[in-house]
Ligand code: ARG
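Consider the single chain below, provided in structure tokens and representing the form predicted on its own.
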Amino acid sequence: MWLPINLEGQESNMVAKGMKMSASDIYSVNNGSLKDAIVHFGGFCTGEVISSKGLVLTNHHCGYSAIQSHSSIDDDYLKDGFWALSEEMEKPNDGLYVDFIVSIEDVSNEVLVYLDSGMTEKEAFKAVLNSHQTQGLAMRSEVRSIYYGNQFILIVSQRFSDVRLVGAPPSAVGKFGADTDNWVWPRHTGDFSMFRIYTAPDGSPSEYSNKNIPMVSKNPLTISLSGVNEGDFSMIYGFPGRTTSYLPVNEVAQQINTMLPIRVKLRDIVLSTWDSAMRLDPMIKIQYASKYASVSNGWKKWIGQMEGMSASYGLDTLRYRQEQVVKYHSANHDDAFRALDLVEEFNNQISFLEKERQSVLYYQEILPRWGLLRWSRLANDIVNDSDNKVDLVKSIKVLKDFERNYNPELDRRASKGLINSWIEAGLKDTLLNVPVKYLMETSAFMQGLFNKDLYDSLPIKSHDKLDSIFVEQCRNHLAFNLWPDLLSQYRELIAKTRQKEIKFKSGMKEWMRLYMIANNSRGRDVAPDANSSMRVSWGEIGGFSPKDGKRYNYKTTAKGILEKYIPGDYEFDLPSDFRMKLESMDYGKYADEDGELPVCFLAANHTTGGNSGSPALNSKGHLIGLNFDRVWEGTMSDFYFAPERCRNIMVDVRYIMWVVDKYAGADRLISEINFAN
């Protein structure tokens, strides 16, 4: 996952794979380039501008919360889809924004000078930002560390905060296969949605206003309907979240063999409880749809990581790489045996930290899933605002938003399983830091932490009461102190482990330096781990063989959608009008050479969370697909990327355009888009 500013050094490798562009076509500060069409969508996904009127394409699951926020029983846009018939009908989304990258600059020399003078990293970053003032509305600058603090980059971006929902297919299309097919190939998911960026009349960034106009985009992507073939060059451009490719092998082993099984077990409890309720109650399905998708995504990925590392012998490969670094430096008098000493130090630290890391993990998995705690936190905010004479409008609105997507009985059932599992772990292993005494005493005080009356009596219907009465009801409720109490204990635990983790991190800085020296000596460049900054990865389109005797084709077609179709099933049902459109085979210019409608395809591009919604580009930089997932067998790529096994999954742009054009009849959107000849 290469920084765009480093692509000149990789250009020959990319051309060898079939690229027909230059590095400056991909990234340029002073001239138009592909960079200008790529946006960081909401800070959690990627999107791309595909028209001169600010039309943005991203994943359905990236726009899911926005679509959900506009949905109700009467207007269920998750179920039925949404297509604005005009710009006036495009729906604003409070808090949603996109960031355009203006420039990326290596400022390592400046930061290191400040650090050598005795500044902390935070102080050094501030000093660099002060010396690189940016001009313009909504400009943002930040310094980020790469290579574990061996290098530093300055990123300048511009934020646009009026982003409106334009179109989304029904979830039966955008989420076809749902959790059964998540991370799985073959895939038939139309995972896309469309938004539009609005600006002030003068083209500058602006908060939402009915006077705003669609952005005038000077360099949108061009869409190619030529299709893809096995072995073609492909490139992913976006904002991958986090990878950890250079950790000591024992650290990875601890994650795979100890930490991930605990995470999976805890999420099993939540997901099984939510799933049964969502299948029975349409309202609960709407309330918990986004939460379920988020929790399930990590759960299934972690299972794939454990299985993928085992099947690919990933730990053995990482151990070999580690040994090669040690071997190189053991023969180099400048750093003789330092790499060996570091590995030994790491192994001791990793073993010493294991129980504390497990303890932290339980807090991190359980506290966000326990809705009663969320209520306690929001109730504390309201009471604190009241005591400090702060207007309650904002804090009460947040509580009302929470109430919309909260079912007390479902939370009671799910969190009961979580807390019981937590207590059981603490009783079984006394070396774990579990607040067993607090949970048991609190449970006795409340006549049971999971007493139905406790949940039914939560003061959340705030609009029915005077503010003063509601504040006192919150203050006097038995669950009021749960959040501050558990948060305090969690912070104490974090404080106890912080210095040990800082020591481990400081060792990683030296290890990364030694790792890079050893690889560079053999003529191998080392790409920095992902950290949500803009990156480019590339590879070849193609299928793969995950195990002996099993081979996956690189593409799927609409035939597979109809083959998977199960009437009434919430994962594989189809709207009747959509199914009939497919059965009619009226694919027009979106059909492939065999007359079939392409749906998804695979390539060996290195991606991770945050790359959702990233454009898949061909050798000329034309949009051919939309990245949305990885294969189950290759999710270990966050630790260990193996191009023979790891594949990213993309929805074919021809399927996207067919849905917009032939199914939704959104001619006005098609007319905005520039298609390649």
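Heads up: residue numbers just count along the shown sequence, starting at 1. Everything numeric here is computed off the predicted structure, so don't read it as measured data. Here the rigid core means the biggest group of C-alpha atoms that line up within 1.5 Å when the two forms are laid on top of each other.
Another form, the form predicted in complex with arginine (ARG), is not on view; read the next lines as being about it.
Location of arginine (ARG) contact in the predicted complex, chosen stretch of 361-369, 177-185, 265-273, 136-144 [non-hydrogen atom, 4.5 Å]: In short, 177-185.
Within a 4.5 Å heavy atom cut-off, is N297 in contact with arginine (ARG) in the predicted complex? N297: yes, in contact with arginine (ARG) in the predicted complex.
is_contact(I303, arginine (ARG)) in the predicted complex, heavy atom dist at most 4.5 Å: No - in the predicted complex, heavy atoms of I303 and arginine (ARG) never come within 4.5 Å of each other.
Please run the contact check for L458 against arginine (ARG) in the predicted complex: heavy atoms, 4.5 angstroms, yes or no? So L458 does not count as contacting arginine (ARG).
Contact with arginine (ARG) in the predicted complex for H61, defined as at least one heavy atom pair within 4.5 Å: yes or no? H61: contacts arginine (ARG) in the predicted complex.
Name the residue from E633, D629, E48, D652 that puts a heavy atom within 4.5 Å of arginine (ARG) in the predicted complex. Of E633, D629, E48, D652, the residue with a heavy atom within 4.5 Å of arginine (ARG) in the predicted complex is D629.
Proximity to arginine (ARG) in the predicted complex, single hit among L342, A293, I350, I223 (heavy atom within 4.5 Å): Checking each option against arginine (ARG) in the predicted complex, the one that comes within 4.5 Å is A293.
Would you mind checking 114-152 for residues with a heavy atom within 4.5 Å of arginine (ARG) in the predicted complex? The stretch does not touch the partner at all.
Answer yes if the Cα of L574 shifts by 2 angstroms or more between this form and the one not shown on a rigid-core superposition, and no otherwise. No; that C-alpha moves by less than 2 Å between this form and the one not shown.
Threshold 2 Å Cα movement between this form and the one not shown at L96, rigid core reference: After core superposition, the displacement of the L96 C-alpha between this form and the one not shown stays below 2 Å, so no.
With a threshold of 2 Å on the C-alpha, tell me if L271 counts as moved between this form and the one not shown once the core is superposed. L271: C-alpha displaced by 2 Å or more between this form and the one not shown.
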